[in-house]
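A single chain comes next, written as structure tokens; it is the form predicted alone.
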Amino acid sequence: MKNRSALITGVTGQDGAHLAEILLEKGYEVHGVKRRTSTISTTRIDHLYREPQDEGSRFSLHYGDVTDSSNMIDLIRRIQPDEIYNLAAQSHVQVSFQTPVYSTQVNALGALNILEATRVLDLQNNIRFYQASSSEMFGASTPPQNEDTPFKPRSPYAVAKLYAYWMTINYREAYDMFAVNGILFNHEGPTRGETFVTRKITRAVARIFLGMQDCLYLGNLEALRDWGYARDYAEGMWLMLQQDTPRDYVLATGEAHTVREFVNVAFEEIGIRLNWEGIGEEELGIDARSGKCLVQIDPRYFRPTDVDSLIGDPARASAELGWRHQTGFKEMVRMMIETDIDLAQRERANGLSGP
């Protein structure tokens, strides 16, 4: 009997790597898509080549780009997967203000290219499609946010994601496709990209702990986010495509923490309690024991428009999918700190002491 197969765009990212692992564990044949780059960018999935898989399952990597419609048609025609998970994105909100056209081409038109490829190949009845939507689409809407909350996007990233969200719904309704949106709130972990604020914090704290860095520079400390563990959320993606009827779901913890809280918990993991002094751009995070300044505000990290509060309501996912986050906030931060201390130690041993 042929194993079920899945095509994952953005497989080299945090979510793609977790999802590939989960699907291989479930006996899938997994096809990952990555863009051709001049530098190696497969660190998160290298182990999938080395570890033996269950009999009949395998992992394959294909070069591709969701902005290339002919490439998507060719890949889907050749692979003819049972499931497609579109995780490819320009995923950094701040960067989307600097590259709004590119962010839209990838995040909006990329999803359309996959949906349309599925349709023109007449595979709309054979393939189940998952679109990685984002809590950023809610933007300025009042929390807690669920599937019925109005969208008020506050960045080019969020606007592009909203286009893909509605296009997914339109293809579902127009062509009877099994196409769903997973509206995921912030999800983090040790493999999170280093430009994202949570990983930026844990990387800096680890290096401060080892004497490799003096200070952490941040923007808005009061931003309130619903942070969960990425692997828990990847399991939710799979569950959405196993239902009898396609429907959109919010995945979230239902808990919110400020950036300041994240910083406090991260420093507590290395035995440092911070005192906060000053206000606004002059605020400082001071080591309560030594009096040393460890955190400063840098206005360069403020966004042109910011989202004050994102808190998800995962009630539908809990009731219909049986999904709940398994990893608590402090446990997740601890995992990230431990991983980044190990990484920093290896960097120091290899003579890489720069920030």
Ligand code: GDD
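Owing to the predicted nature of the structure, the values given are computational and were not obtained by experimental measurement. When you see a residue number, it is the position in the sequence shown, counting from 1.
In what follows, reference is made to the form predicted in complex with the named molecule, a form of this protein that is not presented.
At a distance threshold of 4.5 angstroms between non-hydrogen atoms, S91 is in contact with the named molecule in the predicted bound form. By the criterion of a heavy atom within 4.5 Å, E136 is counted among the residues contacting the named molecule in the predicted bound form. Contact annotation: A223 falls within 4.5 Å of the named molecule in the predicted bound form, judged by heavy atom distances.
Although the partner is absent here, S103 lies well away from the named molecule in the predicted bound form, with no heavy atom inside 4.5 Å. With the partner omitted from this view, the residue of D287, E320, D313, D306 that lies near the named molecule in the predicted bound form is D306 [heavy atom within 4.5 Å]. Here is the short version: of T142, N125, N275, T195, the single residue with a heavy atom within 4.5 Å of the named molecule in the predicted bound form is T195. Of the candidate stretches 164-172, 277-285, 239-247, 215-223, only 215-223 has residues whose heavy atoms lie within 4.5 Å of the named molecule in the predicted bound form.
The single residue of 256-282 lying near the named molecule in the predicted bound form is V259, the criterion being any heavy atom within 4.5 Å.
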